[in-house]
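Quick heads-up: it's one chain on its own, the form predicted on its own, in C-alpha cells.
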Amino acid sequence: MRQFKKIIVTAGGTREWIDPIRFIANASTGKMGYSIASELVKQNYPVVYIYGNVSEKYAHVEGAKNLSVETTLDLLNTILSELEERTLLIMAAAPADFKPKNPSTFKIKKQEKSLLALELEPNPDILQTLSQHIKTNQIQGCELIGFAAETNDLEKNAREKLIKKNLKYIIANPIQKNSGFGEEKTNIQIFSEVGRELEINYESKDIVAQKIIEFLKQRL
C-alpha cells in the first residue's frame, strides 16, 4: 500500500439534529475505525482520521491528522477536502442514512395525547458520491473500501453495495448480540467482485484491524 500518498480512515456515527437537543444517531462507538487508523500509524502509513460521534477514547489517533465531523454531509465534505490522487479510503464510519426534513430551531415541546410525526429525507450516499467524483474528475490511483453492517442476507447485501458504489472491497459484519456496534469483538467477511476473500470469526476489533490491514497490503 506504499503507493498511496495518504490513507483516510473514517470512524463512528454521525448526528442529524431534530431540534437543538435531540438528534438521530446510531450505536457505533468508532472502535473499528480507530483500531484500523491506529494500526496503520504504527506501520508508518500517512493517516487522516475523520471521526464523528465516537466514544471519547476513540476521538484522537496519535500520529494521524485528526478531523472531527458531526453530520453525514460534514463527513462527505471533509473527505472530499482531503481526497487527492493516490488516496486510499477505508470507510469504517456509520453515517446516518436519513435526516429530518425540517429540523426545528427551538426545542420541540412534548404534546400530551398526540404523537410527533418526524418527516425524514435521505442523506447523500457518501461512497457512491465519492466514486462518481473520482470518475468525473479523473482522480488517479484512488481506491475505496466500504463497510456494510447487516442484520440479514449479509453476502447478498454487501456484494450489491460493492457493485453499486464501485468499491475495491467491502467489509461486511453481522449486527447481532455480542457482535457489531458497541461490542469489543466482531465477525467480518471481506468481499470483492468475485466473491468472499476473507472471513474472520469473533476476534477483538484490534486483531480484526491488523488482519484487515495485512489483507489489504497483500492485495493492493
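Note that residue numbering follows the sequence shown and begins at 1. It should be emphasised that the depicted structure is a prediction, and the values quoted were computed from it without experimental measurement.
The discussion below concerns the form predicted in complex with cytidine-5'-triphosphate, not included here.
- In the model of the complex, no heavy atom of residue 84 sits within 4.5 Å of cytidine-5'-triphosphate.
- In the model of the complex, residue 149 approaches cytidine-5'-triphosphate with a heavy atom inside 4.5 Å.
- Remark: residue 127 counts among the residues lining cytidine-5'-triphosphate in the model of the complex, judged by a heavy atom distance of 4.5 Å or less.
- At least one heavy atom of residue 91 is located within 4.5 Å of cytidine-5'-triphosphate in the model of the complex.
- From the list 62-70, 159-167, 184-192, 41-49, the contact stretch for cytidine-5'-triphosphate in the model of the complex under a 4.5 Å heavy atom rule is 159-167.
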